[in-house]
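Two forms of the same protein chain are encoded below as C-alpha cells; each is given separately, as structure 1 and structure 2.
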Structure 1
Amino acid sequence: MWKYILKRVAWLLLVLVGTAFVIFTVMYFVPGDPADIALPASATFEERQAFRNELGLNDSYMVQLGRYLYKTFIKLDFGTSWTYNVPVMQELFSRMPRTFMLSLITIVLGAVIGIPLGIYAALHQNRWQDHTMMVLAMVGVSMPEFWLALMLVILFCLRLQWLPAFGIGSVANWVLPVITGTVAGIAKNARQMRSSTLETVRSDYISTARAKGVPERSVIYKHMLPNALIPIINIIGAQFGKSIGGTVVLESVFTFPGVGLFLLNSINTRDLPAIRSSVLILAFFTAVVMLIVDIIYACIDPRIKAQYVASGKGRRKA
C-alpha cells in the first residue's frame, strides 16, 4: 500500500507539469491581447509592441512554453499578477484560507446532513418521508445559487435584520454563504446516498445477514454503509475539487474575496501569470484531495486495497 502511495506522490509532479502545459496552451488560444487590456486606448502601436516584447508575448509558442516551464518549476517563481501588481502567491495565500474554509465547511455540512438524510429516505422507500425528501432534493439542485443567496439576504438582512449581507468582518458574515453553499450539496448527497443505499440493501449479503438474525442496526452500519459509501466518497471528493474554483457565485454575491473571484477577474483581464499559477496551485490541491479520496476507498473496501497492493507488485493478467 505504501508503495502505491509513494508512486502517486511521484506522479504528482508530472501531473503538475502536465497541468501547467495544458493551461498554458489553453490560454495561448484564448483571444484577447493583454497589451490592449493593460494599456490605455491612447497607446500607440509601438508602445503595445514594446509591452508585448517585455512580457515575451511576441515569441513563438515553444519559446514561451519553455520559458514558462523553466521559470515555474526550476526557479519556482510563480510570477506577478499584471492586474493586481502583487506576487501571485501572495495574493493566493491571502485569499486561499477563506475559500478553503468556506468550501470545507460547506462540504462537510453537506455530507454530514445529506448522507443520513439519504439513508433515511432509502430505508423508508416510497413512503412519504422518501417522496418529500426527494422532491426537496430536486428543488435544491434546480435552484440557481445566486437566487437562493439573494432570497436569504432579503429574508435575513432586509426583513429580519439578523445578519450582515456582505463582507468578511465577523463570523456572522459566514452564515449566509455557508447555508447557500450547503443546500445544493445536501441535495446531491442525499440523492446519491439514497440510490446507493437502495442498491446495497437489495444485495444478497444483506439478506443473508438479516436471515442470520443480525440486529438491523448492525446490518446498516457494519454491512451496508461501507459499501454504500463508496460512490459518495468520490462525489464528495469531486465536490472538493470543484469547490475552490466553484465558489465564484457565492463570492460575488457576498463580496467574499476568495480565489474564485480572483481567478474570474484574471481571466477577464487575461492576466496570464495569475491564471497559470492559480490553476497550478488548485491542481496541486485537487490532486492531493484525489489521492486522499483514493486512499479512503482502499481503507473502506479491502478489495480495492488489494488492487493497489497488487498493482505495486505487478499484476496477473485480467
Structure 2
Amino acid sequence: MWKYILKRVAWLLLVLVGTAFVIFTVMYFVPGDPADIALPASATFEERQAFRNELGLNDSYMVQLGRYLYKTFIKLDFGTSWTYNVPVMQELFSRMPRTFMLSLITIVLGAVIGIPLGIYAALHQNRWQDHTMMVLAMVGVSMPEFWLALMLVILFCLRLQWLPAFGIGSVANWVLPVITGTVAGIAKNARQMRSSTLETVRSDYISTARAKGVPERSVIYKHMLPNALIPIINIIGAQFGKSIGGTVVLESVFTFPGVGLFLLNSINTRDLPAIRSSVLILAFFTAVVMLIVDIIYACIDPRIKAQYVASGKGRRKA
C-alpha cells in the first residue's frame, strides 16, 4: 500500500513541475510587453528597458525558465504581484479559504442531493420517476454555468431583489454562487449514481441476499449502497479538484474575491508572477485532492488492496 502512495506522490510532483513549465512557456510566448501594462503611458524608453532589466525580461527563454523553476521549487519564492505590489502567496493565502469553502459547499450539496436522487431513479427504473430525474439531470449537465449565473442574477437580484449580486458581506452573498456551482454537481452525481446502482443491483451477491430472504432495506443499505458508492468517490474527487480550479466563472460573475477572480484580474493586467503562481497553486490543490481520493479509493476497493497484497507476497517468496 505504501508503494502505491509513494507512486502517487511522485506523480503529484511531476504534475506540478509540468504545470510550472507549461504555464511559464505559454505566458512567455503570449504577445505583448508587460512593461506597457505595468508602467504608465508616459514612461520613457529608458524607463521601460530599466523595468525589463530589473525583472529579467530581457534574458533568454532558457535563462528565465531556469530562474523561475529554481525560485519556485528550490527557494519557494513565488514573486511579487506587479498589480497589487504584494507577495503573490500573501494575496493567494488571503483568498484561498473563500475559494476552498465555496468549492467544498458546492461539492457537499451536490453529493448530498445528487446521490439520493440517483438511487431513487435507479430503484424506479423505467418509470416516470426515473425519466423525470434523468431529464432534469441532462438539463443540469448541459446548462452553461455562466448562463445559469446570469439568469439567477437577473431573477433574484434585478427582478425580485431578494439577494445581492456581488461581494461576500453576508451569508446572502453566498447563495447564488453556491446554487450555480451546485446544479451541475447534483446532475452529474445523480446520473453516475443511477448507473452505478443499476450495475450493482444486477450483481450475483445482491440476488443471493434477496434469495436468502434478507429484508430489502438491508439489501439496499448494507449490500448495494457501499459497493455502488465506490465509483462515486472518484467522481466527487474530480469535481472537487475541478471546482477549485474552475471558480473563475463564478467569481467573475458574482465579483467573489477568491483565487479565480485574482487570476482573471492578473490575466487582464498580464501580471506574470500572479498568473504563474495562481495556476500552480490551483494545480497543487487539485493534485492533492486527487491524491487523497486515490488513497481512499485504494483503501476501500478490495481489488486494489488485493493487487498490492499479492505483489508484496510474490516479492517475499522471490
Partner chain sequence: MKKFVSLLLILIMAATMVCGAYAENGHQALLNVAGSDPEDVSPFKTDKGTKSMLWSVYESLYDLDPKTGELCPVLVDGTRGENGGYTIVDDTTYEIYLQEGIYDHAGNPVTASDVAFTYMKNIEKGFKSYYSKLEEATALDDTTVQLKLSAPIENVSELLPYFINIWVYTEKAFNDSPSGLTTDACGTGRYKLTQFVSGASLTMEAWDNYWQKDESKINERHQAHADKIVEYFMSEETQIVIGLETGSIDICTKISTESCSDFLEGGMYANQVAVSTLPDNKEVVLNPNCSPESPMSDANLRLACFYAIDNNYVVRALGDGTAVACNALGVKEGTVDYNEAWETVPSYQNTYDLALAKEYLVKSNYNGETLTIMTNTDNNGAYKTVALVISSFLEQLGVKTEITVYDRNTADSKRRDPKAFDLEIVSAVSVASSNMEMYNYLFNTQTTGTDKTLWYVDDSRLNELFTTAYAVKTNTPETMEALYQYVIDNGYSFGLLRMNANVAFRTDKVEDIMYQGQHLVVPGSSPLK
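The term rigid core refers to the most C-alpha atoms you can superpose between the two forms while keeping them within 1.5 Å. These numbers were taken from a predicted model, which means no experiment stands behind them. Residues are numbered by position in structure 1's sequence, first residue being 1.
*Asks:* Structure 1 or 2: which one is the form predicted together with the partner chain?
*Replies:* It is the first structure (the form predicted together with the partner chain) rather than the second.
*Asks:* Taking the rigid core as the reference frame, is the Cα of Asp130 displaced by 2 Å or more between structure 1 and structure 2?
*Replies:* No, shifts by less than 2 Å.
*Asks:* So with the core overlaid, does the Cα of Phe254 end up 2 Å or more away between structure 1 and structure 2?
*Replies:* No, Phe254 moves less than 2 Å.
*Asks:* So, superposing on the core, is the move of Asp77 at the CA at least 2 angstroms between structure 1 and structure 2?
*Replies:* After core superposition, the C-alpha of Asp77 moves 2 Å or more between structure 1 and structure 2.
*Asks:* Hey, core superposed, how many Å does Ala287 shift at the CA between structure 1 and structure 2?
*Replies:* On core superposition, this C-alpha lies 3.8 Å from its counterpart.
*Asks:* On a rigid core superposition, how far has the CA of Ala10 moved between structure 1 and structure 2, in Å, if you could check?
*Replies:* Looking at the C-alpha of Ala10 between structure 1 and structure 2, the offset is 8.2 Å.
*Asks:* State the core-superposed CA shift for Thr25 between structure 1 and structure 2, in Å to one decimal.
*Replies:* Looking at the C-alpha of Thr25 between structure 1 and structure 2, the offset is 5.8 Å.
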